[in-house]
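To begin, one chain is listed below as structure tokens, in the form predicted on its own.
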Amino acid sequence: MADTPEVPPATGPRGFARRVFDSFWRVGWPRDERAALRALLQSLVLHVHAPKVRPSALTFRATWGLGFVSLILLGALTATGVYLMFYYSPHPSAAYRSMKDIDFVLPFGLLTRNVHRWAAHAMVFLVTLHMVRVFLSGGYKAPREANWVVGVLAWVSTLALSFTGYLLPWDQLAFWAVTVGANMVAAVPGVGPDLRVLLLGDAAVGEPALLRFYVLHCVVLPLVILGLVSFHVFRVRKDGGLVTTEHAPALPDGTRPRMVPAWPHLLYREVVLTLVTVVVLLAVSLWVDAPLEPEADPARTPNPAKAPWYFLGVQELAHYSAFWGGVFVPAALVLGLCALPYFDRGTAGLGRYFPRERWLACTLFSATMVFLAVVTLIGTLFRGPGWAFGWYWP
């Protein structure tokens, strides 16, 4: 590939500014397809994209933007989390007071906490939907088995990241939600009590638990997710789409669809999706404040004490059997998802939702997801004092 003709260097302040800009962005705005491909090859940010993409992959229905929006939310959580870390004190005597200072003293503190809280909930929801979409389209099959396993682990890590952050406000909601979650861990046969002590640093939620959750939430789990997401994006880039150009549906004239450069076609869509996500997240954060109940009081137990919403389905199942509902079902679900691509080896119907060739697998998976959604809704909206069933709306 020949280099572009050299342009005489500009002089003066504009020339200096141009040299600074060119030192980072060596290829200007693409004037043709060749320049667009050079921009992709020479840019750190753009290099993670494939040089060319199929026009069908640019449609919103192809991925629904779930993975990319989850990545945007992870960036929002990182930025707001670092800002909140400067003013948060991970000690029971100071944690709740620091939350009050963040809300009422820190500039943009309440907005930052709102963005952090709602982005965390949205990320749990969207990562789950992303995993469902990948399954229904057959994206877990060869050669993407390892990437599917990494995606499942990233989903579990996202739940753990949100759960560890749940305790940090040190209010009644956080204290008792984590207490319920720790009690579910204690239901593991044989080693359950030891696992709870390992998680909390004591027999009950207290100062050691708050410090451990703070370190897990701010250091350990973010590094784990960074590694998993980096590998996940790398494998997505290397494995390509589910349907190659050679196997893509032919156009009316009998030719195959021509691939187009990712820059600027894909980048335009990513910029628009980023702006929409940020606007929606800010609008929700300005409209609805993150909850902050009275300071945690171990002597005053709420009735009922509930786990975070994404664990309420497990709590509902554990109500019937601590082991089968609270331990066996979640463990079997995660292990089953990880093992699935190594047993389901068929390649028919890839890249399509609910294809006839995969109707049984899609039906069983959808039924499982609907079941988990139903028990989560029951635990959220229909369980009151004493975990009695009724119309207990918040």
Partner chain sequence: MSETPTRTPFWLDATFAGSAVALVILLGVAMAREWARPPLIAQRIVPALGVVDRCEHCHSEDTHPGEMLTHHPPERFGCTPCHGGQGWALTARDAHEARPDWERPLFTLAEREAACGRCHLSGPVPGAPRLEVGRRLLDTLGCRACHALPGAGETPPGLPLDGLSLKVEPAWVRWFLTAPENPDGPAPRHRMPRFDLEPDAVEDLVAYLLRPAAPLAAAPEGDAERGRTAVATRRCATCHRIEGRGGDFAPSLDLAGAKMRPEWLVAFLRAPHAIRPGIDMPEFGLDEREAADIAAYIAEQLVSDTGETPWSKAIAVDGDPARRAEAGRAVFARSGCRGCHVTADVPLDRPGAPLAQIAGRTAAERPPAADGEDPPDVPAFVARKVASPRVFDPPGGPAGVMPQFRTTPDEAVAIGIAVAALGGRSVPVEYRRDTAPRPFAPPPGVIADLFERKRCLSCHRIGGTGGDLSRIPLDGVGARLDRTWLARFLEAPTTVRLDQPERMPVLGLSPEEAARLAEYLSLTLDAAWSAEPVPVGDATRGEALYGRHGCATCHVHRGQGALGGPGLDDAPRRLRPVYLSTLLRAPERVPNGRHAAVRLSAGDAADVAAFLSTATAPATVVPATAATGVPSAD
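Just so we're clear, the structure is a prediction, and the values are computed from it rather than from any experiment. Numbering follows the first chain given and starts at 1.
Missing here is the form predicted in complex with its partner chain; even so, the following discussion is about that form.
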Tell me, out of Ser43, Thr368, Thr347, Thr59, which residue has a non-hydrogen atom within 4.5 angstroms of its partner chain in the predicted complex.
Thr59
Answer key, its partner chain contact in the predicted complex at 4.5 Å (heavy atoms) among Val276, Val132, Ala305, Ala204: the residue is Val276
Contact check for Val82, Ala209 and Asp239 against its partner chain in the predicted complex, heavy atom at 4.5 Å
no
Can you tell me whether Asp101 touches its partner chain? I mean in the predicted complex, with a 4.5 angstroms heavy atom cut-off.
yes
Ala283: touches its partner chain in the predicted complex, heavy atom cutoff 4.5 angstroms
yes
Can Tyr268 be called a contact residue for its partner chain in the predicted complex at 4.5 Å between heavy atoms?
yes
Is it the case that Glu295, even though its partner is missing from this view, gets within 4.5 Å of its partner chain in the predicted complex, heavy atoms only?
yes
With a 4.5 Å heavy atom cut-off to its partner chain in the predicted complex, the contacting stretch among 222 to 230, 145 to 153, 259 to 267, 158 to 166 is 259 to 267
Neighbours of its partner chain in the predicted complex among 104 to 134 [non-hydrogen atom within 4.5 angstroms]
Phe104, Val105, Leu106, Pro107, Phe108, Leu111
